[in-house]
Each structure stands twice: as C-alpha cells, then as structure tokens.
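Take a look at this one chain, the form predicted alone, written out in structure tokens.
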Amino acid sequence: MKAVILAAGEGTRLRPFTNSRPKVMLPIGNRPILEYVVHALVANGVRDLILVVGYKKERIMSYFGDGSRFGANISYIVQDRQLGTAHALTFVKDLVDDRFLVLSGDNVIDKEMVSTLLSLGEGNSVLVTESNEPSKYGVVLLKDDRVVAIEEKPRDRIGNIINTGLYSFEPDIIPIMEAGVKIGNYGITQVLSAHLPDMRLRAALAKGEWDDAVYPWDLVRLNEIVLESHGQAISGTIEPGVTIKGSVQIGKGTRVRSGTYIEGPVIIGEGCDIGPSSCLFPSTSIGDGVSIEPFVAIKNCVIMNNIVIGAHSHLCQSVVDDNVRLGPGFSCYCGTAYVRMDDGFHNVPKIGCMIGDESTTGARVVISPGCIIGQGCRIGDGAKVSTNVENRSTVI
C-alpha cells in the first residue's frame, strides 16, 4: 500500500517560525512534525511514501532523502502552486492504482492512528476525532457512520467531531478531485462536500494520538505531549554535582556543568553547553548547539538550534527559533494574554513569548506574555516589550 503525505504548505498562521521552513519541518521533541507521520506509517508496514512538497521543499528533501534512513521508500512530487489539498492529489494520479492513504504531514500522529485507518478496508473513509475547539478545524456531521456534511471552521458551534485529514481512498477519488479543481474547489473537503449526497464516505473515530499546531503557542502543547513518551538516554559529559530526575535525554557532545538541575521530561540535543547552576524543568526540548549560561531557568519551552541564552535568564511556555541570542537577565514569564494574529485576537492562557530566528536581545530585556517577536529583530538593553514586534524591527 502507498501513502500520500501532503507537505507542500507554508503554515502562515505559525509565522514567524515558518518564515524559514515549511510547517511540517517545525521541531517537536527535537524532531520535525513530518517525521512522526513517517514513523507511524513505517511502524504499520506502509513504506512506499509519496511526499507532495512545495514551499521550501529543499528543507524536506534534504532531511528525508530517499527515506532509507527511516525504513521507507520516499518519492517526491512538487506542487509549485499551493492551491489546496485537492489540487495536490491531482499530481499523484499516475502513481496510485489501488487503495491508498492520504495524510497531512503537519499533524503529530502515532502508529495507532495509521492502524485504525488501515483497518477500515475498501471504500473511501476518513478518520474523525472530538475537539474542544472545533472552530479551528472542519466539523463533520454524521448519520450513523456516514459523513453527510463537512463545515470548514464554522463560526457557530454545530458539533465537536472534526476531520483529522487522514483518509483512505480508492483510485476513483482522483477524477473526482480533478473535476473539483477545474471548477475552483481546491481543497479535499470542498470537493468531498460537493459529492457527499451521491457518494459514501465513511467516518471512523480515531484511536491513538493526533494533534495539530495551528498557532505558534500550539508548539508548546505538542512538545509537552510528545515528550511524555520519551525515555531515558544520556550521552555527553555530565559533571559532578548535576541532578537529573525523571525522563531525560542528552545528546552526544553535550556538556552539563556542575550544579545544574534537570527535571524531565526534557530532551537536550547534541553539542550543547548547559550551566553551571542552571535549571531545566518539564516539558522542555533543547535543540543542537545551544549554549545555556549560568543561573538560567527554563520551563515548558521549545528551544531550537544554535541559540545562546545569557546568564540569569528566565523563560516559560515560550518558543525560541534558530540562531537567537538572548542577553543576560532576559525574562519572559508566562500568563494569560490576548495575542494579536492576522485573523484577530486570541485569549491564550499560560503563554510566554515567541521569538523568530536570527533575533537578538541585549541585557535585562523583559518580554510580556503573548508577545511575538519576528525574524531578525534587534532589542536593545533594558527594553520592555509588551506588543508584537514585526520582522527585522529594532527596539531601543
């Protein structure tokens, strides 16, 4: 069996973190989101994978290659214009001649999800799940096990059963998608909605782990979920006087200096320098090449690669992108905030700050909860930031 993984989109609502990478390559637990999808398929014996790529496709292709490193056989189809998911499926019409799976590359899933999808047998099917925030997704209306309507991101609450974006399709779905695209219906759900009266689309309740990052702060939540399943694996150099509790992974070439306290679940990548006398609390992921100076406290954060966090800094519920430099005494506490996004304001409980790649701060900078700092920003000594900062801005 073949699986088509849709990985062409940018993920505009996740900016600034998707300015330099597609959404599927955002790191969760120090792995790209897409890697969880690949592992889930391979664990179920589905190894022939077709990746539909587009936006910054080189990041995906260079990381996954031919798939052999992951036990898979990966081929690529380029969707030059990311018009939608139905448009993406039209590119694989000559590559599928039997039942095939369709998955979104930007959802964190486990092998149980794929196992449920495989168990559905012949016919066209979709996995659904319950959500506390159905307005962020496509709400599915059912009659027994048949889908009778799909409403994308409804303003009014009409139900809490949502579409996971995981499908099992027969090859005859491709001409239906092509016909839909010709009349301007570029999304899979758009095309399916138009044909639901005269086609049978079965729904099955998903079993297993499924989650999606829609906004930047969702990365913290997904990271927390993923780290719960990580085990213990310690490499590198651990100096005397280091305290390690719970599930902690430490990569090769990393040095954890004396007096540092680490309480898992925590994952630290390769080539890092931690401490001395710093504290890493649950659920924190630290990428590769990160330097954390003395007396730093970090809790429930996603810290990506090649980052310097200056002495006496404090971060909570935050995401920090690649190549960021935070000066000594940096502070971002977490709290409830109204976060401004392109689609309006969002009331987000327990949020820190979001910092785009290549940004730097001076000493004693304080960032208020809910602030999004763009890519390539410069924030001067002693600045207090209480609103979003656009890409390549300077704050003095």
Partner chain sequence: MCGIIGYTGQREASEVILEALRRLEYRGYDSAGIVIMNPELTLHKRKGELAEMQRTLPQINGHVGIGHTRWATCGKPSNENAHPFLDCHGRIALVHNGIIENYMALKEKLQNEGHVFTSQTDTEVIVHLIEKHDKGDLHQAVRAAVAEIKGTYAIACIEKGSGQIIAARKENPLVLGLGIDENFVASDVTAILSYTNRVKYVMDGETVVITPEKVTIYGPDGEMVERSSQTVTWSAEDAQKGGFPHFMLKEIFEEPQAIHNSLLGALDVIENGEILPNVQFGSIKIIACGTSYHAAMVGKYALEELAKIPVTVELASEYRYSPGAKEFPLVVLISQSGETADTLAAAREAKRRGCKTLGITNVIGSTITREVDEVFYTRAGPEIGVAATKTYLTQLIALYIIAIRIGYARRNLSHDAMWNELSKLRAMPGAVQSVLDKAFDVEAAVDMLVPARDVFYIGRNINYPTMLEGALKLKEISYIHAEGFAAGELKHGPLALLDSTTPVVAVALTKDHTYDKMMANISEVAARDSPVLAIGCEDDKELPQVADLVLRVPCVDPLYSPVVVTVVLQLIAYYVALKRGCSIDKPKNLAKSVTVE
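Remember, predicted model here, so these are calculated numbers, not experimental data. Residue numbers count along the first chain shown, from 1.
The same protein also has a form predicted in complex with its partner chain, omitted here; what follows describes it.
J.: Is there any non-hydrogen atom of residue 291 lying within 4.5 Å of its partner chain in the predicted bound form?
T.: Residue 291: contacts its partner chain in the predicted bound form.
J.: Can any non-hydrogen atom of residue 323 be found within 4.5 angstroms of its partner chain in the predicted bound form?
T.: Yes, residue 323 sits close enough to its partner chain in the predicted bound form that at least one of its heavy atoms falls within 4.5 Å.
J.: With a 4.5 Å heavy atom cut-off, would you call residue 12 a contact of its partner chain in the predicted bound form?
T.: Although its partner chain is absent here, residue 12 would stay clear of it in the predicted bound form, with no heavy atoms inside 4.5 Å.
J.: Is residue 61 a contact residue for its partner chain in the predicted bound form, using a 4.5 Å heavy atom cut-off?
T.: Contact with its partner chain, yes.
J.: Between 145, 270, 228, 178, only one gets a heavy atom within 4.5 angstroms of its partner chain in the predicted bound form; which residue is that?
T.: Looking at 145, 270, 228, 178 one by one, just 270 meets the 4.5 Å heavy-atom criterion.
J.: Give a yes or no on whether every one of 20, 66 and 255 sits within 4.5 angstroms of its partner chain in the predicted bound form by heavy atom.
T.: Answer is yes for this spot.
J.: From the candidate stretches 333-341, 51-59, 361-369, 28-36, select the single one in contact with its partner chain in the predicted bound form, where contact means a heavy atom within 4.5 Å.
T.: Only one stretch qualifies here: 51-59.
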